[in-house]
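One protein chain, two forms: both are listed below as structure tokens, the first as structure 1 and the second as structure 2.
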Structure 1
């Protein structure tokens, strides 16, 4: 800064430099965002009479959280939760078992190009399709019941776990892997002693996290007929039995909290 401009600035307030230095672009973006906001809010068609009518129902729901009804639909709730847990466990285990080879294939540093492309394709497909949409298609094909839910969540687990596992393998330290290779190890031995010990803590952490996600997802699969607690929840909402719905939601929240706590302990242990 030359002396003249410094003199000019002395005594004037400091101003924060703008995030985007090009002023045309900055104002363009701001005005564009403003126009979008106005258009979007204007296109919202809110029926305030209906909202006002619903507020009392909303309040009834909030108060029912302090007075949840675990009993009157007790056996339905218990069966639904058990089914959700079963779907969660089986789909997580099968999903992990399938995503390990796919994760190995999707890591550019250990897989040849054709296998890499195929595995990346599977990962992309699994990540792009929403669980609910997959569940709808699988229910149409395999019929109602927990099998469709199990297949859906296994498929979703593959996309999530393989992608992160592959990224972890791509970032591993080459030194250890080379050391094992230098001993004349076979490919399987190389993976087992050179790669696996490096990615194992991360894999366990991610698996626990996925268990958590799968449980949450299994709670909604029932809405489209793929088994689990969602079906019971849906009926409870349809009949405006908010106390039962509150009981189910509380069970879900508590289970997720417990899972999160457990996974925290396990992750701290393996790292």
Structure 2
């Protein structure tokens, strides 16, 4: 900046420059965005009478959280929670067991190209399909029940964990791995002593994170017939038993918070 320009600006308040310097283009984009927003809102087909009717139900649902009913359908809630816990734990364990070899194969720095492409294809397929879509498909194949939920969450765990594990392996330090390889170790020994110690804390943390995701997802999958507490929750909503629905949601929230707390403790222990 020249001395003249600096002298001109001394004593004047600094003003942040606009994101788009051309004022015509800037105002044109803002007006265009505003027109699009107005047209988009106007295109919505809203039944205001139904909205007004639903507001009272919504308020009843909100107030039910102050008086949740854990007793009236206590046995159903307990059965649903137990089924969700079983689905969550089994699907997480199976998903992790399958994810580890796929994650190793999907890491470009340790896997040959054909295996890398196959494993990356499996990861991409798992991540491309939403859990709800997979659950609906599996319910159509295997029928209503926890088996569809177990298979859905195992499938989702593979895509989630394999991708993050592969990325962690690709970013690991090469020094330790090369040092183990230089000793003449076999491939399994190289993975066990050169790779595994570097990614194990991250793998445990991700596994705990996936565990609480699977518990939350098991509640959602129950809405489409894949078992778990979601089926009980869906029944409560269908019967307008908001106090029971509130009790189920509170149990889910508390369980997820406990899992999150345990996850933090375990991650701190292994790191």
Partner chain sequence: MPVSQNAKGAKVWQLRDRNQTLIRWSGYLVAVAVFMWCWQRISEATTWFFVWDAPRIAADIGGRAWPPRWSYLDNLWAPLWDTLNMATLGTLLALVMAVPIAFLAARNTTPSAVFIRPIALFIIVATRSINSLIWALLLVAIIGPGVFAGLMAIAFRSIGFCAKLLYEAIEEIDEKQVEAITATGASRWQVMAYGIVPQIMPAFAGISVFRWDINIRESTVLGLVGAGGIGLQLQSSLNTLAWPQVTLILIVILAAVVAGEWISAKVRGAII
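Keep in mind that this is a model prediction, so the values were computed, not measured. Rigid core: the largest C-alpha set superposing within 1.5 Å between the two forms. Numbering follows the first chain given and starts at 1.
For the form predicted alone, the corresponding chain is the one labelled structure 2.
With the core held fixed, the Cα of residue 26 is displaced between the two structures by 2 Å or more.
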